[in-house]
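Just one chain is shown here, as structure tokens, and it is the form predicted on its own.
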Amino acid sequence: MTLDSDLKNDLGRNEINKKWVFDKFGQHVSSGKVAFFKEASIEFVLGKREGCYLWDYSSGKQLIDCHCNGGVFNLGHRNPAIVETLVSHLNGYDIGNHHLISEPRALLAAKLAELTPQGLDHVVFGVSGGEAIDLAIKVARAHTKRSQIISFTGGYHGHTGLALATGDEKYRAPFEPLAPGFLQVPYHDFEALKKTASKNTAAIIIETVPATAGILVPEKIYLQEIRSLCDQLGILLIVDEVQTGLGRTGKLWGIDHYDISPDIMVLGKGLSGGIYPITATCMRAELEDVFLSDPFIHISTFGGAEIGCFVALKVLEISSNPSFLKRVNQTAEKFSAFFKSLQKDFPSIIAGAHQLGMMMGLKFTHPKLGPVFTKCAFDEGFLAIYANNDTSIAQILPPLIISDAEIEALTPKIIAATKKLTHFY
């Protein structure tokens, strides 16, 4: 990492050192993050990244990435096929103009309509997951002419306005008052949902597998009952596949495990290939009626950037390949066996594992152990983050392309980090 020549001369050195980065990041980006990482003795500045690995740019410390930013790096960091796709299309494309008809957007939307659950034939592109969720809620309210949105406690759908209103209290409280009309019910409590839903409910929004709540894998009947309730009351079902989509669960879409189709499905993170931000709000074709009287009623300057469309097409090509998904499931089986062995060896520390494919979380016996494990993991050479709304869970989300050799390198590190927990609890 380098600075322009004037700033180099100003500093009197040719290279930014870690202290400079921390100081300037604290001054101009986030003093809170700097304080947090310093207190945790995790003074890591991301430098080189490739495949399953991250390196500190100054010390060269190597980490196996088991966080993947919630699925952004499903295909690894700087996946060669994704990088090549981006570079090859830079010769003729840029972001494009969202006001105009676009071939790359048409190609990507058609491919998504082909691959997503039945009936999701219309696509609106965005840049962030929060933006895509906001759009889904706007469409639900405009189409149904109803105001109420029901979400689930412990869930997470982003930090933008409407998305924030569906999330956990800890994220909402500092920014209240928020938009009215949002209700929450306990997760996996169908009776509570049935009592709350009404003819004024525009949509029920749910993550296929709530990650921030602790990788909660729902029973099949639960999501099917929600689908049935929506059909009975004319409610739209919004499924958030931002983290579970694109092969993470062993199927192309997490919802494919449950034999139902949502009315709206939101995609993000992994659709970017870790290279170019792009999201998609996929919906039933009749919901486009929201935009018919004024097709410019919702716009996103960078949504569906044309260069990003080619990246997303390559992601879909790779992720939908049956051999790729077969490999994901084989890898998931290896982790499942390992987690069972780990629980057997550390019964006072490990209570079990939450897992659907490679959507995985270690369940600890005490909520204090998740944050401690995150620190121990860093010290042992891998990045794994605890679930913010259930700190007894450590998310284990390596890239889906992780090799057998890399698994063999990772598992002793997980064992070593777990062993360290015996000193804390």
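Quick note: we count residues from 1 along the sequence shown, nothing fancier. The shown structure was predicted, so the numbers you read here are calculated from the model rather than taken from an experiment.
One more form of this protein, predicted in complex with a small molecule, exists but is not displayed; see below.
Exercise. Is residue 129 a contact residue for the small molecule in the model of the complex, using a 4.5 Å heavy atom cut-off?
Worked result: Yes - in the model of the complex, heavy atoms of residue 129 and the small molecule come within 4.5 Å of each other.
Problem set entry | Interface membership of residue 157, the small molecule in the model of the complex, 4.5 Å heavy atom rule | Flag for residue 157 set to yes.
For this session: Answer with yes or no whether residue 242 is in contact with the small molecule in the model of the complex, where contact means some heavy atom within 4.5 Å.
Result: So residue 242 counts as contacting the small molecule.
Problem set entry | Any non-hydrogen atom of residue 207 within 4.5 angstroms of the small molecule in the model of the complex | Output for residue 207 is yes: heavy atoms within 4.5 Å of the small molecule.
Problem set entry | Stretch from 149-157, 334-342, 189-197, 88-96 whose residues place a heavy atom within 4.5 Å of the small molecule in the model of the complex | Of the options, only 149-157 has residues within 4.5 Å of the partner.
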